[in-house]
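Just the one chain here, laid out as structure tokens, in the form predicted on its own.
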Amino acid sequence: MTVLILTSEEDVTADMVVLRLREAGVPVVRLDPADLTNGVALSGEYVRGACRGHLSVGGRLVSMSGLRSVWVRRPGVPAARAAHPSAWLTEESAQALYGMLRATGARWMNHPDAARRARHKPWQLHLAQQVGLAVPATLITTFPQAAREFAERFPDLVVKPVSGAHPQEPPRAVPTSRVAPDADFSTVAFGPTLLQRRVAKRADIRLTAVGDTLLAARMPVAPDAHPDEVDVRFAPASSPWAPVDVPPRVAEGVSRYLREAELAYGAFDFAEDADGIWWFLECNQSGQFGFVEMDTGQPIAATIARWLAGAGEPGHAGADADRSTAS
């Protein structure tokens, strides 16, 4: 049985998992949907109540019935590198590839339908509230007056994009920024704006969930850090990430989140305040983990490899028998 990894040509994070799978003797095929019709081929036959499908990647023929799992990591746009790319060819290729894979008995990390839904920030915030995670007061609006009233109730705010990265080529991360006390909210009318109460954090938390295994890391905020440095991705690192135990209430909330979202993998970001409360910021269903593993030594890649190799019963989050926090 083979593990199929759908990701772009250059993905160091995927490389880490491929290495672990090969060390364990698990057959693995790495495919970028962007290469369809240009180095990657597919075929599916549906005759007399039976279906058979195959993928050809770099001259290697793989039976779709022989797939044990599919990791949708960061795949390229289907057929983007075809000899004559077009929107029509992309749609046809996406329908063919993902449609055939959906018909297999493989387990997904993460299923395309669940991953698409999980990308929506408003849905994330609502689900986090429903499962008992602490969520900072948040407003998403195009009404300037609503923004002004929200700022009066919560004077210390940050603003962040609703969707995440800016869709330029390559995509550019848009930092979370602190809102000035005298901010003019009239421009809110030109596009949905996400305002959120700033958490006066003493540490950033990255919790990586793989099935039922929770691995959390903590980076303390420097004592002399400027309060405007709210985005850990752009602030100077004061110290490396270090393993941290997951509070039971957070562990329960994250596990419920994964079950409700039907996710097998999620990279959760929290802000820890002075009282030790972990405030939910977001969950990236395909978030990076290499930087955490390098600092902490946590076996994230190996844990993903074990899940893809079939540890536990088939299914999504909650399928694995082993549950742990950082050690």
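Start at 1 and count along the sequence shown; that's the residue number. Predicted, not measured: the structure shown is a model, and the values here were computed from it.
From this point on, the text means the form predicted in complex with another copy of the chain, which you will not see here.
Undergrad: Tell me which stretch of 247-255, 178-186, 200-208, 82-90 has a heavy atom within 4.5 angstroms of another copy of the chain in the predicted complex.
TA: Looking at the partner contacts, the answer comes out as 82-90.
Undergrad: Can you work out whether another copy of the chain is within 4.5 angstroms of a heavy atom in all three of A24, G58 and S63 in the predicted complex?
TA: No, the candidate spot makes no contact with another copy of the chain.
Undergrad: Within a 4.5 Å heavy atom cut-off, is G76 in contact with another copy of the chain in the predicted complex?
TA: Looking in the predicted complex, residue contacts with another copy of the chain do not include G76, since no heavy atom lies within 4.5 Å.
Undergrad: Do A302 and another copy of the chain come within 4.5 Å of each other in the predicted complex, heavy atoms counted?
TA: A302 lies outside the contact set for another copy of the chain.
Undergrad: So, in the predicted complex, is P240 in contact with another copy of the chain at a 4.5 angstroms heavy atom limit?
TA: P240 lies outside the contact set for another copy of the chain.
Undergrad: Heavy atoms within 4.5 Å of another copy of the chain in the predicted complex: does R107 have any?
TA: So R107 does not count as contacting another copy of the chain.
Undergrad: Looking at L31, V28, L42, A271, which is the one with a non-hydrogen atom within 4.5 Å of another copy of the chain in the predicted complex?
TA: By the 4.5 Å heavy-atom cutoff, the listed residue in contact is L42.
Undergrad: Of 129-149, which residues get within 4.5 Å of another copy of the chain in the predicted complex if you count heavy atoms?
TA: The stretch 129-149, when checked against another copy of the chain in the predicted complex, contributes Q129, P136, A137, T138, L139, I140, T141, T142, F143, A146 at the 4.5 Å heavy-atom cut-off.
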